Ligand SMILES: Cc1cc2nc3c(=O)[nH]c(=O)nc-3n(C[C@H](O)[C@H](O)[C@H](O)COP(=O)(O)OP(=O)(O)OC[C@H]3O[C@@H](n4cnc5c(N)ncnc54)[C@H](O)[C@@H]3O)c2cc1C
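A single chain, nothing else alongside it, follows as structure tokens in the form predicted alone.
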């Protein structure tokens, strides 16, 4: 998100854009992100924003010369109940309104696109041809190169230790290497966004929660162009990974962790016992997983918010202090469009599109209570795949 914001600011003609990374690029949540890029969301405006990410990732390699690992394989989402199918039907109408191609499928049609799945319990499915996946580290490096090409400066291993204020607005930052005078600070600190916000007395309600996914050895019958798959009624998602499968999901009993429990560039210890509940659900959908070799169980901390939406915009407590964080484990899908939206907001002084679902100003005084934020983030993680009711 930081590289995307810097890239878009520089491309919009802003000068003196400086990105400060306390460790090395991609050493936060990015290096262990699954990399699925889906656009379908309950909010029409967020769906459109994620479409901007796809358009960017499709053009970024040609612009920068840096590979992104972008693969437009399409995205399949399953429905195991009439209620879930009605949700997909509503979302398909939203998708058409914003020019997103989306097809409703029968169980047999879903099986043809994903031959490894059992479909006896399916009511239907939805398929978005323009969805896909990307290499998170490569996307970040491409955005970094693009930012530099347009005049931005990126400095690694430079920790920010303070934010200078003057007359109620940002006046600069203090770093371990000295001070930088600036009128705008953008907090893209990922799962550390809340801690970094407190340095300037800004409330950023982000909670670190463990998120795991399994990577298998190669499995016969898994093609390289296999669509990404989401099975919300079984709480799981899938993508092709070097001839095998990557499978993750959202447990109903999430584990909160200290944001510094996982050091930059390192993973948390895998928790096979906690992941077993998802593995059992996954085997019922993809029987080939039962006998697949396990290459790795990845356990990494991700930043989650009290309402399941990410956070953009200027903090109400401090002029010139912007936030782009709390991506609820879909930061790769959102970062391209979110970075563009935040850069446009900074340049124009106000949002240039309807960003109300993700605007930081949506949070009230309760978000200054860490216990409340934590309990709500846990609840929303556990309900990540809950059916969105029609209003």
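Since this is a predicted model, take the numbers as computed values, not measurements. Numbering follows the first chain given and starts at 1.
FYI, the form predicted together with the ligand isn't displayed, but the following is about it.
- The three residues 202, 312 and 343 each lack any heavy atom within 4.5 Å of the ligand in the predicted complex.
- Of the candidate stretches 278-286, 300-308, 109-117, 76-84, only 300-308 has residues with heavy atoms within 4.5 Å of the ligand in the predicted complex.
- 333 is the sole member of 49, 360, 60, 333 with a non-hydrogen atom lying within 4.5 angstroms of the ligand in the predicted complex.
- For the candidate set 36, 323, 54, 355, a heavy atom within 4.5 Å of the ligand in the predicted complex is found for exactly one residue, namely 36.
- For the chain shown alone, residue 146 is not a contact residue for the ligand in the predicted complex, no non-hydrogen atom being within 4.5 angstroms.
- Contact annotation: residue 274 falls outside 4.5 Å of the ligand in the predicted complex, judged by heavy atom distances.
- Contact check for residue 374: no non-hydrogen atom falls within 4.5 Å of the ligand in the predicted complex.
- Using a 4.5 angstroms threshold between heavy atoms, residue 152 stays clear of the ligand in the predicted complex.
- Taking a 4.5 Å heavy atom cutoff to the ligand in the predicted complex, the contacting residues in 148-164 are 158, 159, 160.
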